[in-house]
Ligand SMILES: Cc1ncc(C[n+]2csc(CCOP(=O)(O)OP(=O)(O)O)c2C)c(N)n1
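Just one chain is shown here, as structure tokens, and it is the form predicted on its own.
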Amino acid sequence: MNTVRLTTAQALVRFLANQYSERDGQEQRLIPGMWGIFGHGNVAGIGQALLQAATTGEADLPYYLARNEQGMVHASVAYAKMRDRLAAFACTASTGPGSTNMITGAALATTNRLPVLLLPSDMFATRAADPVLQQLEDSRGGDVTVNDTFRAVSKYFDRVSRPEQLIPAALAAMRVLTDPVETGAVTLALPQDVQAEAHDWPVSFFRRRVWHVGRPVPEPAAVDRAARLLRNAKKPLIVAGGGAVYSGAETVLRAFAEATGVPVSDTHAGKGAVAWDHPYAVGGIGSTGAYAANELAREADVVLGIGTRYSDFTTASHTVFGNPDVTFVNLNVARLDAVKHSAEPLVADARLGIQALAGALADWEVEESYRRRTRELIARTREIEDRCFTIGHSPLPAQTEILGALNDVLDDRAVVINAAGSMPGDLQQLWRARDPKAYHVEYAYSCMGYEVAAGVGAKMADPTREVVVLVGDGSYLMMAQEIVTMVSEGLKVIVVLVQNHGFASIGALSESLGSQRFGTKYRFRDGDSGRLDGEVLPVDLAANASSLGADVLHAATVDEFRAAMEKAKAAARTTVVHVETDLYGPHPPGHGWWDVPVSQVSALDSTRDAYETYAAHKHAQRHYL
């Protein structure tokens, strides 16, 4: 057998450089590069292998330096999301804390079902030096390391304890990364001595491999069952999730809505699948959903879920679908999601499934009275949105006014990124997306610190788009380091830094639950009360952004914000637009509920009152059976 002698790390780099994905005849690099931060454990293993590849040209696997290990996973996930899960970066980290820093990123990737390859360095497989620096000593077993924590948040985990184990492990990793049903974080733990150990590898291991990402075809009988339910519906509603976007089903979904008259609501991941001003687009659904979508959901007798996993925010904690006789038809590539809510499952690719349903329903449409009802609710929703955009709040603007201005100044292809705080709720109601990639809100894990790092990945995935990171001061303080990476890589990203000196979302939630916004403001500790409710902290986040290498613009009013955004759009490098908003809102009116338990007993009147409200909402909560 023809072999070549390489270290395990060198073999892995060469292998990854020759992996491709294909769908609908379009091929692309499956692993376009590797993010990393070097330390003991990977500097002489994967670090040396990447240097050798770049120096000799034996493998084309570009290396990108991150500033935070969690951040590089977020950047990779954002890249994969923009590429419809057909490409995934690898991430290498040093032994110990460098590797465990990636765990939050792994959880985010797996929760969002987005592919990323994690290569945490591990302890010595030989245990010749034991215990080594940063090694966990577990009295229950000598083979336990901190990297075992990745098992719970990975779709596939393996520890390569001998060089030859890399062959089956690497192939299994590619299988999971390219499986739309099983994809998520894939972790190959690499002991530091094994990375540097030489082995005679079969040359065929490094051949060019194309991983074909198919489109599962719907079963005809399942299509007939689903179509029968829809034909009998008087008030059907579509819930479009991320699967509608990842499968490229936007065109057929819009055509289906136009032909049948079924209104289309969307989740965070599905927003943009149908343009906001499409006559059958009724907006976001659920806990922070739009008026039209939630009103229609309360009346719906048949719900057609397309590529959605039905998180509690989508169902408003099992309260938004109010019809006692509601039934579900779920079109999803994953049976796990297709059978949720006792649904009639249609396990298939979203695009092919919609096409099949359109054929089966070619002579059917909803009644004109239901179309008219949809139009009336949309008109009412537009009035609500416009009022939020033009409220004229002072002395500080409301966050909704900033979002309104941003809607106006950005074109349809601009990508808006957000993940946590009060902005996802505002955005789900107010953001007007026409392009399926324009709305990039990570809300499966809602991870603070995602935004800035995601801006790096989104811009790398499509440099032709304007990428705008929307981040509050709370999330910015969690992880702003990747601004340095934007600068070092020459990426032009606009960061809109909204400062309100606290946690607006959790503060409002705390107040509604009777906890009086306790511990949610950025304040000095008051000498009399002993609480963190003194004066506002003298924190200058704009100066911080400038120190990281970004250009910074300041805005005190909505008009100044519009002007600053025009300058930022014209700029050639990363620019931060800093604006202060009112911590207390106002925010869009609520049309849904979220189940956050309230203390059943309390010495506080505010908590007792909140519990009464909570108990009333609980009466509407139910399983969909």
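Please read these numbers as outputs of a predicted model, since none were measured by experiment. Don't overthink the numbering: it's just position in the shown sequence, from 1.
What comes next is about the form predicted in complex with the named molecule, which is not displayed.
Which among 175-183, 351-359, 265-273, 499-507 is in contact with the named molecule in the predicted bound form, heavy atoms within 4.5 angstroms?
Checking each option against the 4.5 Å cut-off leaves 499-507.
So in the predicted bound form, does any heavy atom of M478 sit within 4.5 Å of the named molecule?
M478 belongs to the contact set for the named molecule.
Answer with yes or no whether D473 is in contact with the named molecule in the predicted bound form, where contact means some heavy atom within 4.5 Å.
Within the cut-off, so yes.
In the predicted bound form, is there a heavy atom of the named molecule that lies within 4.5 Å of any heavy atom of S311, even though the partner is absent here?
Looking in the predicted bound form, residue contacts with the named molecule do not include S311, since no heavy atom lies within 4.5 Å.
Does the named molecule come within 4.5 Å of any heavy atom of M448 in the predicted bound form?
Yes, contact at 4.5 Å.
Between the options V495, M423, A189, I103, which residue brings a heavy atom to within 4.5 Å of the named molecule in the predicted bound form?
Checked against the cut-off, the match is M423.
Only one of Q195, N330, Q399, S99 has a non-hydrogen atom within 4.5 angstroms of the named molecule in the predicted bound form; which is it?
Checking each option against the named molecule in the predicted bound form, the one that comes within 4.5 Å is Q399.
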